[in-house]
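Only one chain is given next, in structure tokens, and it is the form predicted on its own.
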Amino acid sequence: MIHFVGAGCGAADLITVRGQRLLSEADVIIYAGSLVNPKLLDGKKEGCSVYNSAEMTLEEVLSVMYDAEKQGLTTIRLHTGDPCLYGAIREQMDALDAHGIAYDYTPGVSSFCGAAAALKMEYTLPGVSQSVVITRMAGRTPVPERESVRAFAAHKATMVLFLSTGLLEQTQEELIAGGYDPETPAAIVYKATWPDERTYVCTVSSLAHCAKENGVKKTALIIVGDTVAQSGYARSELYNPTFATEFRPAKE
């Protein structure tokens, strides 16, 4: 059996209870060593084989899985955050399907959630923004033109950019060209929930300067939108005493 497990976004205790249990029972662990907190491996059982996928190709990862299956062993494929976002898990699952190998998937805490926690912010403020766009700049992996940062910027919703810290000059140009005002609030969150986490609040037009000034070159998320300011929002109707719900009558 193969278990895909989201490790969480940094802090070792942000893995789920289920994920932690599966890790402690695993015979083989293949983990994304460049991004997963190595402290998560402290609870592995004696004799567990550990592989760092940062040093491996897809074919090498699959080979370890196939060999473990032949031996009747349990394998954990440990991905950073929640692997449904930029986790490259579909190609692994398709390969396992082709070989008739069973697997399941335990979600994790994504770094976009960790970044919000670091900033003590809510992405969806009534009257400010009710949508979150999760995307990335085109780099070595292309992005469909219809999903470009410039195209999404026209909505002026809250935007969270993964894998784009090294392209911030181009990123801010695309954001402004797409429709964000240059003075729109923005934030850079470096290594959300890790011990060396750092946060910087700036504007869209100063993203590149802010990152350069603070030595942030990678392993950071970019958050853009008026919600970064955490102000100017309307009260939630859900907890408004004049608003009736299934569980609570309205009060006059």
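Predicted model only: the values in this text are computed from it and were never measured. Throughout, we count residues from 1 along the sequence that is shown.
Here the subject shifts to the form predicted together with a small molecule, a form of this protein not shown in this document.
Novice: Is the small molecule in the model of the complex close enough to 81, 162 and 189 that every residue in that trio has a heavy atom within 4.5 angstroms of it?
Specialist: Yes.
Novice: Verify the contact flag for residue 204: yes if a non-hydrogen atom of it lies within 4.5 Å of a non-hydrogen atom of the small molecule in the model of the complex, no if not.
Specialist: Because no heavy atom of residue 204 falls inside 4.5 Å of the small molecule in the model of the complex, the answer is no.
Novice: Classify residue 111 as contacting or not contacting the small molecule in the model of the complex by the rule of any non-hydrogen atom within 4.5 angstroms, answering yes or no.
Specialist: Looking in the model of the complex, residue contacts with the small molecule include residue 111, since a heavy atom lies within 4.5 Å.
Novice: Just checking whether residue 184 would be counted as a contact of the small molecule in the model of the complex - the rule being heavy atoms within 4.5 angstroms.
Specialist: Output for residue 184 is no: heavy atoms all beyond 4.5 Å of the small molecule.
Novice: Should residue 138 be classed as touching the small molecule in the model of the complex when contacts are defined as heavy atoms within 4.5 Å?
Specialist: It does not: once the small molecule is placed as it appears in the model of the complex, residue 138 has no heavy atom within 4.5 Å of it.
Novice: Considering the small molecule in the model of the complex, find the one stretch among 207-215, 220-228, 62-70, 42-50 with heavy atoms no farther than 4.5 Å from it.
Specialist: Selected stretch: 220-228.
Novice: Among the candidate residues 123, 86, 152, 103, which is the single one with a non-hydrogen atom no more than 4.5 Å from the small molecule in the model of the complex?
Specialist: Comparing distances to the small molecule in the model of the complex, the residue within 4.5 Å is 86.
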